[in-house]
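Each of the two blocks below gives one form of the same protein chain as structure tokens; they are labelled structure 1 and structure 2.
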Structure 1
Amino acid sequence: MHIFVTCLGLLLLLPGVASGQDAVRTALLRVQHETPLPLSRLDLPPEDLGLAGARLAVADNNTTGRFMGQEFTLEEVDVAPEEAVAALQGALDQGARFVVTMADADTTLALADAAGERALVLNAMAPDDRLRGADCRANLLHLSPSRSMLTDALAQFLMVKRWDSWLLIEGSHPSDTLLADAYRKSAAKFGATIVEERLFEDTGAARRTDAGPIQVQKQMPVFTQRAAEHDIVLAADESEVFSGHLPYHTWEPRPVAGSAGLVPASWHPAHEAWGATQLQRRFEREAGRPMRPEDYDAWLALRVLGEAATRTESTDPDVLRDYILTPEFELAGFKGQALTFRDWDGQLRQPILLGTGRMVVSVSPQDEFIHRVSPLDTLGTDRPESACRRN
């Protein structure tokens, strides 16, 4: 008996055997909002969207954690919007001190407010700039790019190509309006001209059965007919109502970008540069499918915690948050440079991939755009423009 106790005591002191005090307990809340089916059956979301990326990150964290005496755990919670705050409270009562959210802006904000000082919240989905601006919170970090980061990334590439005359087609849903507004700001920021704007009304038709190839071939050219002279058609269609039908169906032979065609995103399944093939293969081996942006954003959230816990040798949320927001924190994200956080709004700086269905076309920021602190700060809201007052 004494030998057993002595050995157990030694094991608890060895690296790789984490005590309860050294556990980084994280809850991932996926808030299930009703969304229409995508235009293409190839875009149907997998059941483990986001979760697969988070699981891979936990495995990565524990590979290092076992040598540091730290353990990383993940509680996965799928919940309806009206039950999200109660689910959060349950996770906190069970010991979670870090919460990764996959939710819309309103729910994300409600969860951050409900968590208060009890947990650090990491936003892995909502792109809304207001969460990084007037509605920012001291306990809220952002892994997913903001809309303005995405639109700035695409705008930079279009300006390098000298495609500076845009036909902007906006969807009729609120999120489409927010995306269109972001493109308008990007145009003003980089000197592009929106020569004309058109609104595509969502009539509520059965998207895949009532809008077959024959109907689209007749309707979409007429919708884009007689537009002002333009270099490119820019689609602001976050609701995925019409943009998938634009390529090859416009009246004028013009490229399409934005929500279809050339699309800005945090990740692309064809990305191979800077060691990304290694991450892609590990993910595909575990999940049995390609990695999507949602998976990458969730992976980033858990890896940020793992890197911060390792560097600080702490599992305290306040210690980790303070370190994450310092210039000393860096994370390898397979994008050619270290990823860091903006201390003024809690946004992760990261390059944005510009891709088509099968290829990565470019990566922004483009070399032509410089910044006194970091070229990554040419994407999205810079410090002098920020309305965030973290408290």
Structure 2
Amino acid sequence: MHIFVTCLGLLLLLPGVASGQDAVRTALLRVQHETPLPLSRLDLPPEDLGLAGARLAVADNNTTGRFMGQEFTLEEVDVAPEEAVAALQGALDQGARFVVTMADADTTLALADAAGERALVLNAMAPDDRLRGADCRANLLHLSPSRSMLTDALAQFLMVKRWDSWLLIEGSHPSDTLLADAYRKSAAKFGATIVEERLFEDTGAARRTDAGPIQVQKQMPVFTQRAAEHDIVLAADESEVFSGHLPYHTWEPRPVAGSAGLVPASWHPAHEAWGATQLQRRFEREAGRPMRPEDYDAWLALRVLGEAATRTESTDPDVLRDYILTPEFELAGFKGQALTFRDWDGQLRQPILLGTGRMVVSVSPQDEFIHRVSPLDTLGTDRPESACRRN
């Protein structure tokens, strides 16, 4: 009730806004999962992770909306996992018809099921392939790349480099296992050989200790000793237990990729091609920090709605939703080509950036890999392999 009153007041103040048109109302649900501290303090998550990207997209949408007579609002909700569904109900009751989620796979699924017909859910975090496969939902779209898109993107680059013998080191958490599985599938898909696999057990050690680097310098070489001949060390360590310590500490002088070294991601704060500098600068000016992949994914989610409203010249949620789900929907995302949704699993097709700490090294798909529909479909699960039945 309270929100309704504020909106009405705003409309009266802005005579340019077309009367009778409601604002495009979106809720951003950031579910606060317990996550371990990152290994590097440079990676400490900012308070407004993702949120800053969503806010920028709403500002972008409203700039265009000024010319269209359209308004966009964002309800920002931070919530514990067990209260996520209740928070969603609250947002829906207040009129949100689009919900952007930053949550793990189980919570994302619970939110999508709770939203049902009432809202379109835009996943801006969970990379799980099952959300695009057996557990897909008709009302669930994915802005964040799937794990398999990320691992395929890296695999393509390694194959172009002819670094096709991989030493795979995986962490002991469930998400690490999923990531290692994705690397195994990518190896099979693109013809790489995993010459050996090792498991790095998380013993729950503290993330930082005063004696840290000295011990690591002894541990990591020993851990990677006497491995089968390999071109590269691939780390599947989504929980960030060990991978950050691998570069320069391997027994053999080999590059590291995956969760450390050369990392595949939807965004990189040094990405400058295809006009990206403009988005980076806009973001940095608003947020006062570099843009992270989570910010980009949330920015995309809100831009999807802005773009749909512009193209349909409507703010009617049903009109927007219908248009977003058609093959005509296209979004520009500073990656050199139009981004579109896969109709078989709701995943946004997009190039993946391969970056080190400071530089973007390459962008996949690599030119060497071709596809009869779109080179972007060489990344992740293609239509014939999809287990998703959305209808």
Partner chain sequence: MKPALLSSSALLVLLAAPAAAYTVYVSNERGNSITIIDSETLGVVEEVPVGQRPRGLNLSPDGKELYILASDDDHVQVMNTETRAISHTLPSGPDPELGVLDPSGNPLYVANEDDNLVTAIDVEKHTILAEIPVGIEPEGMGVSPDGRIVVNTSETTNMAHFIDTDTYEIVENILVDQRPRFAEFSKDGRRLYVSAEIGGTVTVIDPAKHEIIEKIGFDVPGVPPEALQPVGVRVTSDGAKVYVALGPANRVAVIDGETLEVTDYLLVGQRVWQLAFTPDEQFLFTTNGISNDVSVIDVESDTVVKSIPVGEQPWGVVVSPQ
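Residue numbering: structure 1 sequence, from 1. For clarity, a rigid core is taken as the largest C-alpha set superposing within 1.5 Å between two forms. Note that this is a predicted model, so its numbers are computed, not measured.
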Between structure 1 and structure 2, which should be identified as the form predicted in complex with the partner chain?
2
Just checking, between structure 1 and structure 2 and with the core aligned, does residue 326 shift 2 Å or more at the CA?
yes
